[in-house]
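As a starting point, one isolated chain is supplied in structure tokens, in the form predicted on its own.
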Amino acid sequence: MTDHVFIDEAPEAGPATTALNTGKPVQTAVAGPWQLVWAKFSRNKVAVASGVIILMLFLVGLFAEFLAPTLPDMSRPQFTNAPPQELRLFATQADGSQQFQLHVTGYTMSVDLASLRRSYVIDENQVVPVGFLVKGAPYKLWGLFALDTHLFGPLNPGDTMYLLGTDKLGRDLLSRLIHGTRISMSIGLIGVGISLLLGVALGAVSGFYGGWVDMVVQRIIEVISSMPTIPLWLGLAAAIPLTWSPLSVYFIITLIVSLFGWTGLAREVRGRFFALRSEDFVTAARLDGSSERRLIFRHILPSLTSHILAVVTLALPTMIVAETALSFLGIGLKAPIVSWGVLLQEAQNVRTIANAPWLLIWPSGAVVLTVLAYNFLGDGLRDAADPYES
């Protein structure tokens, strides 16, 4: 008789034989490159705040007509170089009580007969109510939509509200500063776009192919870099015909500024291409049959993302400062175009700075704020573009 042996096939208890819980799907946390970049960038609070400031400046330039209390060229000669008016929240009533009312106080102007100098005194009895979405001077938003609604301003369009003061023609400085934001911010964006295109394209071609191509490109860069910038700007600005429209002059100045800003980026991109074109991943892609175009745009250029971001964010304020300097010297943009550099033209003498310091403080403050914001944003983007670097 054969003996039967029975084997207990029940699994042993323990972590090695514990059955998997198949009722819930297993989720794996996977973060893509852009998610890593955003996660690292969002931890840099200064860079995030700078990005918000830059975004707000572009929005101000985009909706300048709506945001400005009045038109930039609307003048009132009786309020020449008038000081800023204080925006107040509470108004004193007849019985002496305080009531919430957004307002500014009016001016009382007097003239010194000996020096013929105007002086303004705040008149507490002149209360100018201020509101939001008020009717004002008609304008065309983006040159397309005829509107007369402004974000804020005096409830009576005939009243005065100069929160940042006026210039020598009695024009509202706040409205001119808002309209100047559009020109100054866009000229930097367009100029850097042209410089980025030229610098990356010529630098990549020079570094990737080498040989006579590299020699020609480098000689062109050396010739452009050896030219004295200020005399060349003076000559090119003097060559612009006086009959050209302000818009044409704007684009020519943008082109002039951008033509001298791409040489540094081109040399840096060339050097990086020289170093990367012999790397193992480029050799592997070449042996895999990748075309030269794919090698450049798919394999090498993405490796330069952090460097290009840093260069671009540093070049943007450089373009803005260049336009401001040209316009300040009188060889850039001119009236009736309104930019921060054009506004600073009125603060070229000591008398204006002494009598109306707001004409220097606010336009120069806008330039300083924009340059600092771009620099902090560039630092944050440069660090975030290398999310795997500790």
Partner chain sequence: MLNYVIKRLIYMIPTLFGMSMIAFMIIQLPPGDYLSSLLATMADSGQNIDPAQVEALRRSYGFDDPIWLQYWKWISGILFRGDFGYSFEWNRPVADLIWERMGSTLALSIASLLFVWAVSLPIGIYSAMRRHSVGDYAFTFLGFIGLAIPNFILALTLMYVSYKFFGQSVGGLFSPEYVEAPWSVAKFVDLLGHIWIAVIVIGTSGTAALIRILRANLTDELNKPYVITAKAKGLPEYRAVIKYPVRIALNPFVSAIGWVLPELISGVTITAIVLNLPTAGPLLLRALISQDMYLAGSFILLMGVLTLVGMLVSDILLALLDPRIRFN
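Residue numbers count along the first chain shown, from 1. Please read all numbers here as calculations on a predicted model, not as lab measurements. Basically, rigid core = biggest C-alpha set you can superpose within 1.5 Å across the two forms.
Form predicted together with its partner chain: not shown, discussed below.
- Heavy atoms of every residue among R219, V321 and N375 are located within 4.5 Å of its partner chain in the predicted complex.
- Between its partner chain and the residues M215, L89, V121, L133, the one pair within 4.5 Å by heavy atoms in the predicted complex involves M215.
- Although the partner is absent here, L232 is a contact residue: one of its heavy atoms lies within 4.5 angstroms of its partner chain in the predicted complex.
- When its partner chain is considered in the predicted complex, P138 lies well away from it, no heavy atom lying within 4.5 Å.
- For the chain shown alone, L236 is a contact residue for its partner chain in the predicted complex, at least one non-hydrogen atom being within 4.5 angstroms.
- Residue contact check for Q348: one or more of its heavy atoms lie within 4.5 Å of its partner chain in the predicted complex.
- Residues from 356 to 381 that approach its partner chain in the predicted complex with a non-hydrogen atom closer than or equal to 4.5 Å are P357, L360, S364, V367, V368, V371, L372, N375, F376, D379, in the order they occur in the chain.
- Superposition on the rigid core between the shown form and the other one places the CA atom of T80 less than 2 Å from its counterpart.
- Taking 2 Å as the criterion, L102 does not count as shifted between the shown form and the other one: its C-alpha moves by less than this amount when the rigid core is aligned.
- Core-superposed comparison between the shown form and the other one: the Cα of I224 travels 2 Å or more.
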